[in-house]
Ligand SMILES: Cc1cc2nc3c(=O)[nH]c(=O)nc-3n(C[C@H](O)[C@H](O)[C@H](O)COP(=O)(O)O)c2cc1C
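Taking the form predicted alone, here's one chain by itself in structure tokens.
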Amino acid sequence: MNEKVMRNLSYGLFVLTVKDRDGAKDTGCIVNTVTQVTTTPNRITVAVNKGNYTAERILATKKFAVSVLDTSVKFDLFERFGFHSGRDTDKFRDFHSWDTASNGCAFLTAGANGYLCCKVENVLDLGSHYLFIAEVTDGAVLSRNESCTYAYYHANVKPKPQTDAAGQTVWRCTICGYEYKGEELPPDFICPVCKHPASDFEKVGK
């Protein structure tokens, strides 16, 4: 099977936010797996890699918020929420484009056209990911901008590949943009940011 066919599926992009361990601040990550599954009651599902700190915190708090990214979003937001772990980084430090939703979780006020407040009803263990089934308890439309799709991100937001100035071979994760430097990418390599395998890396130059 050609695994690249999976990239032809259509995805939106979202920032999933949840309270950190001390409850005083928020953390979150980029996801592309938010889907509405019922209207009465209004429910969504979101799959989150078990290795992500956000998944750990949702398991503990049973609530989260979803910010729907739109076409005004800038790449630095993906760097902030997608390229670091909340275990050792305060992702909201020096970040001011957010507010607090009715469930106490943060939502973005720029780069997003809407947000949802969610209460977890069930959790399914899918192996590499947890699938959270959640009731939407609140939400609002923030702008009329079109939603940012995965395809739009790759075509218009993500920086184009560039070779490394030091002459090193660079392998870039096609999912999140993380770069590995080395002549060969180990076949069992797992992206430390988005947890995708070596098959999702591309050689971008030397």
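The numbering used is simple: start at 1 and walk along the sequence shown. As the structure is a prediction and not an experimental result, all values here were calculated from the model.
The following text describes the form predicted together with the named molecule, which does not appear among the structures shown.
- The closest heavy atom approach of Phe83 to the named molecule in the model of the complex falls within 4.5 Å.
- The shortest heavy atom separation between Val31 and the named molecule in the model of the complex is within 4.5 Å.
- A residue is said to contact a partner when one of its heavy atoms sits within 4.5 Å of a partner heavy atom; Arg21 fails this definition for the named molecule in the model of the complex, lying far away.
- Taking the partner from the other structure, the named molecule in the model of the complex has no heavy atom within 4.5 Å of any heavy atom of Ile44.
- In short, of 59 to 67, 170 to 178, 140 to 148, 36 to 44 it is 170 to 178 that has heavy atoms within 4.5 Å of the named molecule in the model of the complex.
- The candidate spot formed by Asn103, Ala106 and Ala134 lies out of contact with the named molecule in the model of the complex, as no residue has a heavy atom within 4.5 Å of it.
- Contacts to the named molecule in the model of the complex (heavy atom within 4.5 Å) from stretch 121 to 143: His129 only.
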